[in-house]
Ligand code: TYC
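Only one chain comes next, encoded as structure tokens, the form predicted on its own.
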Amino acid sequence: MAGKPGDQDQTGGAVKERVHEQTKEPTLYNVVLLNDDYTPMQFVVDVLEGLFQKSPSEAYRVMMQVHLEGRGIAGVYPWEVAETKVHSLTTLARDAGHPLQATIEDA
């Protein structure tokens, strides 16, 4: 059916509702490093600087928190990124012969 000249759309005179899409921020999760008695402190600092993009001072602070308190937050990420970081950390640690572990917890 052809519209009259000047018709903008073919809604049959009905009013179009605008759909407002709301973007929702992803749920965030903490990647938590766990202390062990075997992984060298320098390895933990190197992983925090390389994999988690921490500054040297922040990496040292987190490493000391892990050492003294048994755990420390390496970063806060959406689930998929947190999973990838934990997998990468585990691979790096195993390849270097260290038992370093990390978990994912609600932020």
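Note that residue numbering begins at 1 and tracks the sequence as displayed. Predicted model, so just to flag it, every value in this text is computed and none were measured.
This protein has a second form, the form predicted in complex with the ligand, left out of what is shown; the following refers to that one.
- Remark: Pro26 does not count among the residues lining the ligand in the model of the complex, judged by a heavy atom distance of 4.5 Å or less.
- Contact between His67 and the ligand in the model of the complex is found at the 4.5 Å heavy atom cutoff.
- Within this chain, Pro56 is remote from the site of the ligand in the model of the complex, having no heavy atom within 4.5 Å.
- Using a 4.5 Å cutoff between non-hydrogen atoms, Asp36 counts as a contact of the ligand in the model of the complex.
- Though the ligand is absent from this view, in the model of the complex it lies within 4.5 Å of a heavy atom of just one residue from Leu51, Val81, Met41, Val76, which is Met41.
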